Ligand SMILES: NC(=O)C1=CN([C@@H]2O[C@H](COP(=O)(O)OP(=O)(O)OC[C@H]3O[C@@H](n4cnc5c(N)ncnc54)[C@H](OP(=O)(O)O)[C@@H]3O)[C@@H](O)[C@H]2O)C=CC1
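Take a look at this one chain, the form predicted alone, written out in structure tokens.
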């Protein structure tokens, strides 16, 4: 029995920005009150992990155990935990849901305030860490998840029990990318049958926006990406058109000009999945006058700002943001799992690479190649 005792296990530690992760043995403390210790079986590598590791994340702090797209089995729980029990299959949630704070009870947002302050500092809600390296030094938590460790400790509000029939090596992707894009389309934007949509950036998030738009019956789903290799994926996930702004524009034509022209005045909805502030502006300005909405999903580097002429907004365009697709992780995750079982939500198709956990640095390399959507790491290897 490991409950109540520290556990030694393998983790990948980010000691400093811009350096490879160090795979080493660490100690994971038992969970305190309102905490859950989970044995992570599978985790994927997301661009947000790479963004923090690169050093441009304003909240990035080291040494830390990164990872936030993971699934596993509850090993033990601390006092007063009622939402999960040992043996439950769970997905880690970087967007918590306490169901009690002003945000959760408003029904207007999925942004929960319960653990946000400490989560951003890389510690548990009591201000301390549950991870220590062989020298006894504390290691920081990341996004309230830290799935790059065989065992991790999460706040009880940051974990959701799921149907044990759901394959963990696939549904771990619902911890971030797939949910973020799909939710942005069906929940934040609430796209409807017949709407026209443009998606900037055809990674996992962008292609998940595409599949959300397809499920809803949007009439035109245009993917904009500078990598032609993404064209096949775009159509497989439901895009009707693909535009490469580096190659498919006439001399002097901008991507905004092109989109406005082919959609008779602009799109009903656009989505930025790039994190590039110039693309965010294009996405807004490609919206239809009077009612077009542009949803920002991509995370921009520290210090970046967005701009447009106020006239764009005065004439009826709307700029919105979406975090985790507007999805409330504890209340709504099992709905997504049902969509997955029913074939409405593609998840398996995003897994282009599989690796053993010790190959985690190679998985970060995979991300930078055009042939990779998601690499899933098996923590037993």
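Computed from a predicted model, the values in this text were never measured in an experiment. Positions refer to the first chain, counted from 1.
Omitted from view is the form predicted together with the named molecule, to which the following refers.
- Heavy atoms within 4.5 Å of the named molecule in the predicted bound form are found in exactly one of 266-274, 130-138, 100-108, 144-152, that being 266-274.
- Taken together, the three residues 186, 211 and 241 all stay farther than 4.5 Å from the named molecule in the predicted bound form, as judged by their closest heavy atom.
- Contact annotation: of the candidates 197, 176, 91, 283, the single residue with a non-hydrogen atom within 4.5 angstroms of the named molecule in the predicted bound form is 176.
- 324 is the sole member of 340, 319, 324, 62 with a non-hydrogen atom lying within 4.5 angstroms of the named molecule in the predicted bound form.
- Proximity of residue 73 to the named molecule in the predicted bound form falls outside the 4.5 Å heavy atom cutoff.
- Under a 4.5 angstroms non-hydrogen atom cutoff, the named molecule in the predicted bound form has residue 48 among its neighbouring residues.
- Looking at residue 161, you'd find every heavy atom of it more than 4.5 angstroms from the named molecule in the predicted bound form.
- In the predicted bound form, the named molecule lies farther than 4.5 Å from every heavy atom of residue 249.
- In the predicted bound form, just one residue of 367-381 lies within 4.5 Å of the named molecule by at least one heavy atom: 374.
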